[in-house]
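Shown here is one chain on its own, the form predicted on its own, set out as structure tokens.
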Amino acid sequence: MTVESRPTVYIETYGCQMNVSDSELMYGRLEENGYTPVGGPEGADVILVNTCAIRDHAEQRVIGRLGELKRFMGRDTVLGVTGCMAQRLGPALLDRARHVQLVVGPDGYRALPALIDGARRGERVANVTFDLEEHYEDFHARRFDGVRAWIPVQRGCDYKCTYCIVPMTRGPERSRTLADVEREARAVAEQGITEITLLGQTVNSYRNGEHDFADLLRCVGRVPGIRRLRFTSPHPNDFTDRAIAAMADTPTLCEHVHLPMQSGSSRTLKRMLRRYTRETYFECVERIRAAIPGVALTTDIIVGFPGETDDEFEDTLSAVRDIGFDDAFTFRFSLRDGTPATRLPESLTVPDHVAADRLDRLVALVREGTRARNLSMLGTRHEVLIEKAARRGGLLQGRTRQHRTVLVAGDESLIGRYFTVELTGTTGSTFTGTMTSAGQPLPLAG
């Protein structure tokens, strides 16, 4: 069979880096089973929408997109929904969107080729069974990016924060073997990819047999060819002394930690079941900063959680000021069916207009702090990995080891190379820079 006669598949991805990684696994699985990946839904024989369920807005966006995709479907096109929203809604999604034939949760991707074959025969199936042994260790991901690679080291979550749907959509926490993670990291390096991000819902709680997160960092950090190592997303409670020591002792580990805070109020954190207090979060920040000078800290923050008072919100604002985050992802609370937060008294609900005002104030404060820190960095020089063409014409986009985005002039032949860049300007959130020297040229994957 020629490449031209092979059936085609398009996967549209929403949500977090774990979903991006899962889409790469699905593409790899289907390519090995005779499919050709394509870059858009037009004319694709199979269209899969890989979904997020973390907020209601994300799900509503997907429902709308499923309606739009009807216009790309021929008589024999197979349309499927995968990922967290598929897991959460299950067979109900087949009733809600009658043109959808497949609903497949995050543990069901091994069966995709057979499920698609069944859909072609007219079957409509929801495969949303958890498989606590599934890590897709024999899958060969078809990576989107020739510069960076996402490597899942853990699936699921045991924390059960009251607002979070992840334990219901990803199942209990389980970790891959250290040997298999190392094998994948070596394969990535052999492709010429030099930056790895280790993925997990609470990645620093990684433990498999006798190995913990500290062992994982040291092992992957010394893989030949890997120049930068990152991880996301950790939980503040799992930064043991061993883990922080490994972070400090691993030269390839980048000086950036995304440390979700969610709230600066101990009372709100207790209702969220985050299992730490404002004080212990601050202590975690201090330990990381003491071990890794110059580390950049980013975070996640939710406003409008049930019961959040004006004083509790002010605690969040003061935490942002006192810690001095380099940036933050900020959200209004979104109630998700099935989470423990649905059992909180309705009287605790924060009115929409109050939550919206709090989010506006928080965003303004975060932007103010980010801009001030970025302005103070103008004129300094940093190692930048050029990742891709920027949206602005004629510019390239790269990142520093501290995960700051930098735009520089150049053509696409520079993608995948490291440069020393002087920061010359900032929009408040990103930098512009001038290359002063190049590191060793690095081959691109594939």
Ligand code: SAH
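A residue's number is simply how far along the shown sequence it sits, counting from 1. Bear in mind that the values here come from a model prediction, so they are computed numbers and not experimental data.
Just so it is clear, the following notes concern the form predicted together with S-adenosyl-L-homocysteine (SAH), a form of the same protein that is not shown.
Task: Contact assignment for S-adenosyl-L-homocysteine (SAH) in the predicted bound form, among D300, E314, D131, D357, heavy atom within 4.5 Å - done: Looking at D300, E314, D131, D357 one by one, just D300 meets the 4.5 Å heavy-atom criterion.
- [ ] Note which of R274, R176, R143, R230 lies within 4.5 Å of S-adenosyl-L-homocysteine (SAH) in the predicted bound form, where distance is taken over heavy atoms; exactly one does.
- [x] Flagged contact: R274.
Task: Exercise: Y281 in contact with S-adenosyl-L-homocysteine (SAH) in the predicted bound form, heavy atom 4.5 Å - done: Flag for Y281 set to no.
Task: 4.5 angstroms heavy atom contact with S-adenosyl-L-homocysteine (SAH) in the predicted bound form for P260 - done: Yes, P260 is a contact residue.
Open item on the list: Is it the case that R367, even though its partner is missing from this view, gets within 4.5 Å of S-adenosyl-L-homocysteine (SAH) in the predicted bound form, heavy atoms only?
Closed with: It does not: once S-adenosyl-L-homocysteine (SAH) is placed as it appears in the predicted bound form, R367 has no heavy atom within 4.5 Å of it.
Task: 4.5 angstroms heavy atom contact with S-adenosyl-L-homocysteine (SAH) in the predicted bound form for N374 - done: The answer is no: N374 has no heavy atom within 4.5 Å of S-adenosyl-L-homocysteine (SAH).
Task: Interface segment, criterion being heavy atoms within 4.5 Å of S-adenosyl-L-homocysteine (SAH) in the predicted bound form, picked from 325-333, 342-350, 94-102, 216-224 - done: Only one stretch passes the 4.5 Å heavy-atom test: 325-333.
- [ ] May I ask you to list the residues of 27-50 that have any heavy atom within 4.5 angstroms of S-adenosyl-L-homocysteine (SAH) in the predicted bound form, in sequence order?
- [x] Stretch hits: zero.
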